[in-house]
Each structure stands twice: as C-alpha cells, then as structure tokens.
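The form predicted alone is given below as one chain in structure tokens.
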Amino acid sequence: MNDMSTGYAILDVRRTSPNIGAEIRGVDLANGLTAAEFAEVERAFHENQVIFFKDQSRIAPDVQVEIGKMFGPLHYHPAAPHLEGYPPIFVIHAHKDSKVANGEGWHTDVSCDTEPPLGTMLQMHVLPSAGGDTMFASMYGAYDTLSPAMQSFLEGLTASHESEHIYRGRYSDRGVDDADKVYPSAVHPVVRTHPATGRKALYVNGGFTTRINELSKAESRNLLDFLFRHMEEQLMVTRFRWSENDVALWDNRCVQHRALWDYWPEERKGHRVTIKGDRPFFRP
C-alpha cells in the first residue's frame, strides 16, 4: 500500500497499521474545525477508514455536535438514552453495575436502519486503569481478500439486518422503558459500494445481520459464520489503546468495531455523536 500520510498542510497523519487506521495530531477538536482543517480531516477519514485524534482537550457537547454536522445531518440512536439537553449525543458508559457494555461484539453501528450511519465520533472521558481498547476491522480488506468467485457470488445477495434481539430491554437499567417501541429492521446488499471512494466493502455483521435472504436457512448460517470469521483476520484489524480525551472517528460504511469489556468492575465513559448516512447500494 502506498503511504498516504504525506501531503497534509495542517495535520500530522501517521498510519497505525498497513490497511486501516491513522493517528492524527496538529488539531484540537475542542476548538472546532476551520474549513481547511475539516477538508484534511475528511481526506484522512476517507483514506484511513478510522482516525484517532491524540493530545485532545475535552470537547463541549455543542462543539462535538457542530463537528458532526460538518459531515452531514446527525443520526439519532433508536434505543439508547442521550445526554440531557443534547439528543444527538449518546453517552457510552459501563461500570460495575452495568448489565451490558456498548460495542462488545463485532458490528457496524445501527446497520438495522434503512439509512445506516455514515460515521461515528467518540471521545472517551473516563477510562479504566488498564484495558478498554477498541478494535477496528476494514471491510474493504474483508472484501478484497475473498476469491473472485466468492466476490461475484456475494455481489448478488442481500441480507436482513434486525435490532429487536439487541435493543429490547437493553437500556432498562438506564431508565429506558421500551414496552411500546418498534425497533428498526432493513435489507441491505451483502457487498456495498462506498459513495465517496467507490470502493467495495463487505456489509454484514454479527450484531445486526440475521439472514442472507436468497439462501436457505442452513446455507445462510454457514456463509455468515464464514464471513464473520474472515472479517477478523489480523491483517485487516487495528487495535486502539485509549488515553483520556482521545477521539476516534470511524466510517461505518467500510469499518466494523469491537469494544473490549475486559476492565470490569472499573468504569469507562464518553460521548458519541453519529452522522446519518444514505441507503447502502451496490454498483458493479
């Protein structure tokens, strides 16, 4: 792979692994972004799939919302509670009394929506003394490393993405009563074309994807199991160790992530803003 860390006038961009991820220095998001800074951030985002902002100050909620809006309209989570006064901000929080921690398994954020999120920006404010890393996997890489025959086969398939099994009762310990809530589901192509880069990415995940629609139940289960294992190959993964106030910005159209809950009973907390995306499509 060519080195894409050069040619930036403002940012210092350093790749964290050959196929996905880069650390960003040279800008403090707490001050917001100028048009010139945003242009370089967006370029780094598209080139590296997930970017990690180091040496950051704590971002005020209204500033985090405004940065998110620079990418497009914001996405509102269908289940999780938000920060009081800031509906777009999802509070990521796990502690000794939590029954779940967000992002434990490999997934793409809210792929059950008809128009799933474009990207997600998370700043961590409270971290455990050790652990709590997040892993990111390139779905460009997952697609590119399949055989041409498998690629061709998958490109004609669609998959169901559901959320009832994940969200029902998930946030009851945080005061959410979802007795009358209808949770989203959607059908998306198994392989999607990224609208900005034109690259193809695998678009099924272990969190939300329940069925490949054109196959029998047994065929679907076996193929999904294979694809989920394939996505975790080490050459397609980067692992991020957080420091206080670090920010991660990932592209849900071509990235999956997994937050490790290996720090119980310690606490981990942060603010997340998600940008609305468009309906996934496949273009040969």
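As the structure is a computational prediction, the values presented were derived from the model and not from experiment. Residue positions are given as counts along the sequence shown, with the first one as 1.
Although not depicted, the form predicted together with a small molecule is the subject of the following passage.
F45 falls outside the set of residues with a heavy atom inside 4.5 Å of the small molecule in the predicted complex. The small molecule in the predicted complex is approached by L122, whose closest heavy atom lies within 4.5 angstroms of it. In the predicted complex, L157 stays away from the small molecule, with no heavy atom inside 4.5 Å.
Within 4.5 Å of some heavy atom of the small molecule in the predicted complex lies at least one heavy atom of I92.
Picking from 100 to 108, 173 to 181, 203 to 211, 190 to 198 the stretch near the small molecule in the predicted complex, with a 4.5 Å limit on heavy atoms, gives 100 to 108.
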